[in-house]
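Presented below, as structure tokens, is a lone chain in the form predicted on its own.
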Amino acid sequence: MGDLLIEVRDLAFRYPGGAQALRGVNFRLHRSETVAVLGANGSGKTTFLNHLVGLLSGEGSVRVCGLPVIAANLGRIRQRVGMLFQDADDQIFMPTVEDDVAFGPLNLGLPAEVVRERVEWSLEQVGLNGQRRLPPHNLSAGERRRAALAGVLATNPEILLLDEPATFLDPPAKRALVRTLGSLPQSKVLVTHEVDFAAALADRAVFFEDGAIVAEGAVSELADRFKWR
């Protein structure tokens, strides 16, 4: 595989009783690369991300870190891929923020001292050390978003899949998130509708339309071509 971390070939998917959600998607992600995934709501972006961690399974082939995304490999793949869901409430469920961030590293069987270090580092990255002992439901929507990201970072994955990470963040928080994500060594797939956010982080972009990738290039180039602002 060399530096090729994700390879998707001819991926197609239809929801039961629904319309075709993905149509022949081909995609590659290389080591240390950040790729922005652009497109209108309903164009297939989140459905595509869900295939990369085996939450959905369609026709075609998906390989992550050299492994086919099939049931037998999901445990190993999910140890190497961290995914921030579009709705942060889908992945925050522990009594406190600190407990939630620690959940992933503890499930990996890491020593207590390593878990503590990862929790400290991750909360520092997202600016939530002061809220660590609060119940997640006491946080604002933007803070819950950052808490969910801290939980992903604490597992130290090789690849980050980020579905609208800037949602609910005010401008200072977005700038801080750009600095944080830009400083991380992981390869990233970034789904966003915010062109400036994508341009600040991504090496290149792909544009989804009606379940297919219809263009690839620089963020600014695709934004101009598809009037995406």
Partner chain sequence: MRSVDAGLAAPRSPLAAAHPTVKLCAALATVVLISTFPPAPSWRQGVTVAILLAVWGLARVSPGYVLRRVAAAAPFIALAACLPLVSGLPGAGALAGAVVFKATSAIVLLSILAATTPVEDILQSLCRLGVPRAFALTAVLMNRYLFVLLDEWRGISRARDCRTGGQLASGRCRMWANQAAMVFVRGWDRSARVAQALLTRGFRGEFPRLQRPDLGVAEAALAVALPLAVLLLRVV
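Numbering follows the first chain given and starts at 1. Model, not experiment: these values are computed from the prediction.
A second form of this protein, the form predicted together with its partner chain, is not displayed here; the remarks below concern that form.
Residue contact with its partner chain in the predicted bound form: R145 places no heavy atom within 4.5 Å of it. In the predicted bound form, no heavy atom of G130 sits within 4.5 Å of its partner chain. Within this chain, E124 is remote from the site of its partner chain in the predicted bound form, having no heavy atom within 4.5 Å. A residue is said to contact a partner when one of its heavy atoms sits within 4.5 Å of a partner heavy atom; D99 meets this definition for its partner chain in the predicted bound form. Remark: of stretches 24-32, 45-53, 60-68, 184-192, the one touching its partner chain in the predicted bound form is 45-53 (heavy atom within 4.5 Å).
Of all the residues from 145-175, the single one having a non-hydrogen atom no more than 4.5 Å from its partner chain in the predicted bound form is G151.
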